[in-house]
Every structure is written in structure tokens, then in C-alpha cells.
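Take a look at this single chain, the form predicted on its own, given in C-alpha cells.
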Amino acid sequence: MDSKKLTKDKFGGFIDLLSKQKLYVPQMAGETLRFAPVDSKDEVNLVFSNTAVPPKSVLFPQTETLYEYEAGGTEMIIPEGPEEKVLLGVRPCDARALTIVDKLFSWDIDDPYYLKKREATTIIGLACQEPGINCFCTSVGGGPASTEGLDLLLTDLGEGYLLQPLTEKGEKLCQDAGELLVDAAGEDNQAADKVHQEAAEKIVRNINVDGIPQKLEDLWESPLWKKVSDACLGCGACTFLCPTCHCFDIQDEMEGFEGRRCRVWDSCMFKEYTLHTSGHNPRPTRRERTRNRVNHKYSYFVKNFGTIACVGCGRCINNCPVNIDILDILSQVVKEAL
């Protein structure tokens, strides 16, 4: 399907169309920008850089009930299937991140909780125009207008949006929008290309990742890991806010005779994550945990799935309370391996 154009005076009608399903857009929750359900059109504002909490949290919630039960009973009460939803305003890096999470949750055993939500969700992206100071998506295979993981890509042209349908879901949305949209002219597509190119040129940080997976294998006992982890507080912010991290714990919660089994986000940066019942911990210090985090993103995931598990969003850099910088670490990996 060819590109379409939506003028901003008809944006409200487009929101009405999307709201026929459960619509999520970036909104402030306290002091945190994250994707949340829309209650009114006034909550829809696409003027933002990126959310602090990635949209992954809608498909893989921080706390999720797997089933409920009663003490002494044999019946499991499984939540109903997911409702149809739309995520509007997803940045290309976060959409790419979902394709990475997809690989894990459909690996050796399909995860029905995640995959059913994924199938029931339409992802509408918003091309970046003002990348953040620590964005480096172009270094890891992405870009300000990357289309991986998206059903529809919007580009802000000032007076309207260029809509690029990418999947059957995206095409259906454009068809359903009917007279709200017009066919994009050649100059509209050219204007969008210019926006994309200018945004890519604004990305100031980069790293050459060629050979890094192999170099990491030779640095297992390097003093580098002690040096880069000395400042780490073990707070887990880098993993909790990462759009590709997927570690979780399973817990049972009881209140009276009623209980539920749920899964909650976990972090490989926590000491308890690898603590054995025997008391042994194969990653006893932050040195081992930092080494694991970097190797997982840039080595182990590459071996298992053929792609780096990092999309260059910069969240781990922006939100680290002690300014640990993944690009600085990777630069040191390259130097150490020379």
C-alpha cells in the first residue's frame, strides 16, 4: 500500500478510529513518561523525545498474573485472552527492541502470555526528529526511521503526518481511516526522507561493533570488568529500563485462601538473581554481573539469535545514577582486545 498523509486538523478523527481498540500513548505517570491507556483525546500528545519506561512494559508487564487458585483446590483460574490494543508513538528503537524480545519468547518454548499480547497489538511508530544526546541506534543496525517491528510509521511533516503502512495491520488501519487520509504526494515522501536524514545526522555518539562479540570472549578474566564495575550501585536501573531485557522471577502470593502465581521483572544485576539454594553464587560480585550484562547483550545473544540485544536507545546511560556508560565500556573492550 502506498504512503498516505494525515493533516493535523484530522488527527482527532484518527485518534477516534484508534480508540475503537484500547489505545496506549506516552503519558506522564508522576514524573515518569511511559505508555498508558488513553481516557480522552487531551491525553494524546506526540511531542516528546522518548519514554523513560519502554513500551515493552505493555506486552511484558512488570507484574503479571499467570493464574489464580485457592488453597487446597485443584482449579487454576487463567486470565482471559488479551484485548486488541494499539500503541501509538513508539520510537523506532523500541519497535526494534520488540523484535529482539520476540526471539526470546518464541525460542525453545513459546511464551503464550507474551505472544498472545504481541499478536493482539498494533504498533504505530513515530520517526525521530531530535535524537537524544546518548542515542546510538545507527551503530547497532537501527535508525531514526527504522521500520523493524512496526505496523505503521508516522513522520511529522509539520502540517501533517506521512503514514507508511508496513504490515497487513498497518494497511487495514489506513483503509479504515478512509477519507481522513489522502494519498501522499511525491514531495511528501521527499520531505519525510529529508526529516529522516537530518535526524540521522544529529546522532553524535557511535561505536563500531564489528568484532566485539569475538573480542569479549578473550576478555573473560580481564581486569576491565573490575574497573568498570567499581562505581556500580547494583540498582538495576540499566536493566529495568532497557527495552530488550527480559529476565523475570516467578512468585506465589497468598491472601487468606486465595492465591495467584505471577511473574515480575528481575535483573541480572541483582545478587539474588543467581543465588543458589545452597548459598553458592556463580556471580558473587558486581564484577561478574557487569561482565554478564555486557556479554549477554553483545555476545551470548548474538550467538543464539544472530543479533545484538541492544538498540542504542541510551536509557541505561541516561538513567545510571553513577554515570556508567555502555559506549565507554565497549570502547574499552575494543582497546583491551588490540
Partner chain sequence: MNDNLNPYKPEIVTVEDTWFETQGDRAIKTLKVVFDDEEKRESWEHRPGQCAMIGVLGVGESMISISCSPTEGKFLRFSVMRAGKVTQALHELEPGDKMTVRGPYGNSFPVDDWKGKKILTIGGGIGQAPLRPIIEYVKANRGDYEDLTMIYGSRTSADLCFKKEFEAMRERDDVNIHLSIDIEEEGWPHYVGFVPSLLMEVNPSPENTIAVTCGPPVMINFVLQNLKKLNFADEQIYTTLENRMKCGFGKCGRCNVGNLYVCKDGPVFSYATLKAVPEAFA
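All of these numbers come straight from a predicted model, not from anything done at the bench. Positions refer to the first chain, counted from 1.
Beyond what is shown, the protein has a form predicted in complex with its partner chain; the following relates to that form.
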Proximity of residue 78 to its partner chain in the predicted complex, heavy atoms at 4.5 Å: yes
Its partner chain contact in the predicted complex: residue 247, any heavy atom under 4.5 Å: yes
Interface membership of residue 162, its partner chain in the predicted complex, 4.5 Å heavy atom rule: no
is_contact(residue 56, its partner chain) in the predicted complex, heavy atom dist at most 4.5 Å: no
176, 252, 183, 83 - the one with a heavy atom within 4.5 Å of its partner chain in the predicted complex: 252
Contacting member of 195, 104, 224, 88, with respect to its partner chain in the predicted complex [4.5 Å, heavy atom]: 104
Candidate spot 110, 263 and 296, all three touching its partner chain in the predicted complex (heavy atom, 4.5 Å): yes
In the predicted complex, segment of 70-78, 144-152, 166-174, 89-97 with a heavy atom within 4.5 Å of its partner chain: 70-78
Those residues of 259-287 which, in the predicted complex, come within 4.5 Å of its partner chain by heavy atom: 261, 263, 266, 272, 273, 274, 275, 276, 277, 278, 280, 282, 283
